[in-house]
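This document starts with two versions of one protein chain, written out as structure tokens and named structure 1 and structure 2.
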Structure 1
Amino acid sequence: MMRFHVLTLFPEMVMQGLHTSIIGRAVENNCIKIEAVNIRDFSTDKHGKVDDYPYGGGAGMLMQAQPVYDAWHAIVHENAEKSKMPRTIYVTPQGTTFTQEYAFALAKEEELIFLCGHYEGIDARVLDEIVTDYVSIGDYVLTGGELPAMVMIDAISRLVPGVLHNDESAETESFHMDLLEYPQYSRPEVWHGKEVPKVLLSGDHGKIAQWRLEQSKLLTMERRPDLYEQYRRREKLIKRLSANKRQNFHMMECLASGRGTILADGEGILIYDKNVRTCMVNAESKTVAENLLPLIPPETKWVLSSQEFWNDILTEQGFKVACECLQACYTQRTPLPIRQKEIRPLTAEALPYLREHCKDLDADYLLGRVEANAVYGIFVGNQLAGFVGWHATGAIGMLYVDKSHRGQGLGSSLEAFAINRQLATGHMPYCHIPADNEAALKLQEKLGLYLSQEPLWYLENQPQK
């Protein structure tokens, strides 16, 4: 359950505003918890005063440091470790602009504190001590921080698992993949003489999807040319990468799924997936590669390349070659037949089994994948006999079958299952197989996946000692 605390002088405004409709339902269902803390309750003044004149003069009053600090301190327990402190967001027009991306990042936290200012602001000394994020909802000035805090809490909450029902999913809406959402119509078929576009009545889902994409593009071009430019840049790069699909499939999927940020798309290509701190690179020459180095974000954990010269260049930068693999890509759109049907999502209960057979993966990472519903087990007579999953990068992996069950097609069923699942959710199925794993490479060919001609190297950033 995600917890929000709002430090405010107007708690009833926040509580009333956030206890209706979908967010209200999420509170009732215990998906999120919202608590408003009245800063005035922490005033040490006998009249409950919380503001005073600014030193140096100027218009209006400032909120004083003491009541704000004490209200914050009441939430953050005195003995909480510094590293586990919840992020404290001060909503202010002097902040970084809030975006859908910012909402995604904050939705990953378990607990957030919002600080709402009033009057002319808050004494800077307390802000220095408690605030981790200064955030604005746009270039205009409101009378207080309550409405911006409510806007942000709404946008963050709807990304918390369970808050939206499936039919309200965030998949097709505005800002998904840099396009605005297409226009929608409901009954009656004719209103004020205006007809619903014929294609929507056709029942042809392919045509409807095509029409909606076209409308999304037109709308974005007209209303948000800046977003449209981003969209076009991405589409152009995907097309360019498709000239060597087997080698570039992972980059195409990263861009097509909306996870990748393009950091370079000239002679050198650099795509960054910040969810997994992974850079995917490609350069026309070693010199071009060297020139790309400054663009690699410093927090990068992995670099993925399919050109050997990167190995020398990056080793000098403190990276280590962790794995040489081949990329296997499933380029058809039709799902594969599956022989064994007993394939089910695994829960945390299966973690010891997963850890035993996935020794190279971190325990926390495995738990994260299980919680994301991205690991499936195959059962023989109700007994777990193997598993498959997909990584946070989108690559299928973690394939394992118990020794006693090998040679019965379980591995094939598991991988086919993962491929079908990726297809069904609009992804491009691929996996990375260690170049010396003959059995796994054979399985790819048997299932109809294409192998890359050149290897792909995973380079891991070694933390400085």
Structure 2
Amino acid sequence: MMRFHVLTLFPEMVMQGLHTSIIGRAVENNCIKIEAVNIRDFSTDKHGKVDDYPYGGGAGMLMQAQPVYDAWHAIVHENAEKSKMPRTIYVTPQGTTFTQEYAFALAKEEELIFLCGHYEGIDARVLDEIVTDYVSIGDYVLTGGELPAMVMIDAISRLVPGVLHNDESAETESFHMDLLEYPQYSRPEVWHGKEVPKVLLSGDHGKIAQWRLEQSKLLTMERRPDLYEQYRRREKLIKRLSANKRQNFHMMECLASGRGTILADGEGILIYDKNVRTCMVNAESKTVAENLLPLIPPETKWVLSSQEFWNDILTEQGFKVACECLQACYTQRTPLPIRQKEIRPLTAEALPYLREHCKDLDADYLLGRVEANAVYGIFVGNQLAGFVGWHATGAIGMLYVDKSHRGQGLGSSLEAFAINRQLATGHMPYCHIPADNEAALKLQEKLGLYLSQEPLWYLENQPQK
């Protein structure tokens, strides 16, 4: 459950504004928790005063450091046992502009503190001591930080698993894949002489999807030409990568899903997935690869490459070859048959079982995938007999079947289910199979997936000792 703390002088404003509609239901369903902390409660003044005149003169009053710090410390003290301090966001027009990408990054936190200023601002000394992020929602000035904080909490909450009932909602709205959302229509079919576009009444989902894409492109071209240029660049690179689809499928899907940022697309290609701190690289030569090194973000955890010279280059930079895989991709649009129907999402109750059979994956990572509704189990006689999931990169993985149930087609059913789910949500199904796992490689060919001709290497950034 994600927790939001709002340090404010007007807690009623925050709580009333955020306890309605979708966000209100998310609070009731324990998907998120919102707490408004009244800074005035921490004033040492008998009248609850929290402001004073600024040194050096000037118009207006300034919020004092002491009550702000004590209010913040009360929250942090409650979480003293946690190894990671929560990020503290000060909402100010001087900060970094809040974007959908920023919302995605903040949605991965377990806890966030929002600090709302008033009057002429807050004593800079306490800001220096407690604030981790200075964030703005636009180039204008408001009377206080409550409205910007509420805007950000709303945007972040919708990305928390379980808040939106429709799994696709957060991915199909404005700014996904650098395109604005297409126009939508409801009853009646004719209003003020204007008809609903005929294609939306056709029942042909393929044509509807195509129409919506074209409308999104037209709207973006007209209203946000800057976004449209990003979209065109991405589509051009996807087409270029498709010349060797089996080898580049992971990069194509990363771009097509809107997760990847293009850092280079000349003689060398470098795509960065900030959400999982992963770089995907390709270069025409070792020299070009060496020239790309400065573009790899320093916080990168993994590099994926299908060219062996990258192994030597990155090993010198402190990386270690963690795994050699073959890439398997499903290029058809036809769903696969599933023999075993008893497949359903797993909950946190299944974590001991998952940890027992996914020893190479971190416990927190597994919990995150479960909470994201990204791990499904297969049941035989109401007994969990195996599972499959989707990694944070979008790749299908974590496939496992109990030894006592192998040879019954459960593995095929699980992977077919995962493939069909990817197809239904518009994604390109693919997975990475360890090069020495012959049984898993045979399963891919049996299901009709194509294997890459060259290996794909995972290189892990080793922390400096």
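Model, not experiment: these values are computed from the prediction. Here, a residue number simply tells you its place in the sequence of structure 1, counted from 1.
A.B. asks: Of structures 1 and 2, which one represents the form predicted alone?
C.D. replies: It is structure 2; that copy is the form predicted alone.
A.B. asks: With one rigid part turning against another between structure 1 and structure 2, at which of G409, D128, K198, Q230 does the hinge fall?
C.D. replies: Where the C-alphas swap which rigid part they fit better, we find Q230.
A.B. asks: Through how many degrees does the small rigid part swing between structure 1 and structure 2?
C.D. replies: 11 degrees, smaller rigid part against the larger.
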